[in-house]
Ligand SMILES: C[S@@+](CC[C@H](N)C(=O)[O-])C[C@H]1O[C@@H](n2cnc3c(N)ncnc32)[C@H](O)[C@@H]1O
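Coming up is one lone chain in structure tokens, specifically the form predicted alone.
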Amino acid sequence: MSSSNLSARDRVEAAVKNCYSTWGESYYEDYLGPGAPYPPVHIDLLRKLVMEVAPDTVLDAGCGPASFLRHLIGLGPKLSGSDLTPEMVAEARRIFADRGLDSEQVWQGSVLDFSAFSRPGSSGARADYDAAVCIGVLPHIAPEDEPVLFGNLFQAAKPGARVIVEARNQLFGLFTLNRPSFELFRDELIRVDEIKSRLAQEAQSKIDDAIQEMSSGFRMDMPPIRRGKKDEAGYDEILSRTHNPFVLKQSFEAAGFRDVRTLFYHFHAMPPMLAKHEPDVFLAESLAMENPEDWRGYFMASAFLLVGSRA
């Protein structure tokens, strides 16, 4: 089927699979290994949150190369994972097999397809997990598909189960003073297109001039666009959204989750573009800030978790 005949959802998922196709074997080391640019502080936080409910079964929807699941091995729960990208699934299965687990507990599937929340060939058994996590997935989900994802997670969880989703923090743009800051001001705060839609052509042109002047107050060349490793699209060249933690929490609650908490991680002691002046101090001071309940996380942390339970 040609790309022109694909649905919008299919086109997004095809781009995501293409982007991650070269990362299967290196993703974990690149982002969670000893040489990662920032220590993976969220792993300990996630593990604590999951194990607090003493789960018998855990699902990682969008597990990548078992990035998080490998940190639960040996702690008791039966682990399952799914991912959209075949290369990620292959690496996750290798990790499971190397550690003596059933590699068939990892399978390929889309988080937007509820059938993918159960192991293939399980005779249509109802997905029924004590805990479910969904990490690194929301950036690649279109706004209109978020209710589908949250609904699938809700249906996959037992009553009382803990469900955790992760997102990139849109409000971080209020702190970074760079291109994402400009985009946040233009698109979410000012909402330039809405203003222009109510104006005559000449006035629209003057609004464009004003926005162009505003852009001069930000480092529009930062951060660098993340390209692909080979000829595939890079992370910033596919759908890779950020989320307002206030708005996303409302959506999560609307899906039926209760007692929802917002927890922040990957703090930045200063805007990231200033780290070059004293990188060791910047890293140390940022790590010293890591407190998931610090209110400054709304602006100074680049990522957050929503933690809730199925009512």
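So that there is no doubt, residue numbering starts at 1 and follows the sequence shown. Worth saying up front: this structure is predicted, and the values here are computed from it rather than measured.
One more form of this protein exists, namely the form predicted together with the ligand; it is left out here, but the text below deals with it.
Colleague: Heavy atom within 4.5 Å of the ligand in the model of the complex: which of S286, T262, T242, S67 fits that? Just give me the one.
Modeller: Here the answer is residue option S67.
Colleague: Quick one: of L184, I141, A167, A157, which gets a non-hydrogen atom within 4.5 angstroms of the ligand in the model of the complex?
Modeller: None of the others qualify; the residue that does is I141.
Colleague: State yes only if every one of Y27, G109 and V137 has a non-hydrogen atom within 4.5 Å of the ligand in the model of the complex; otherwise state no.
Modeller: So, yes: the whole triplet contacts the ligand.
Colleague: Taking 4.5 angstroms as the heavy atom distance cut-off, pick the stretch from 274-282, 55-63, 254-262, 33-41 that is near the ligand in the model of the complex.
Modeller: One stretch meets the cut-off, namely 55-63.
Colleague: Even though the ligand is not shown here, does L79 get within 4.5 Å of it in the model of the complex, heavy atoms only?
Modeller: Close contact is absent here: in the model of the complex, L79 is far from the ligand, nothing within 4.5 Å, heavy atoms only.
Colleague: Just to confirm, A131 within 4.5 Å of the ligand in the model of the complex by heavy atoms?
Modeller: Because no heavy atom of A131 falls inside 4.5 Å of the ligand in the model of the complex, the answer is no.
Colleague: Is there a heavy atom of L84 lying 4.5 Å or less from a heavy atom of the ligand in the model of the complex?
Modeller: L84 belongs to the contact set for the ligand.
Colleague: May I ask you to check whether L153 falls inside a 4.5 Å heavy atom distance of the ligand in the model of the complex?
Modeller: Outside the cut-off, so no.
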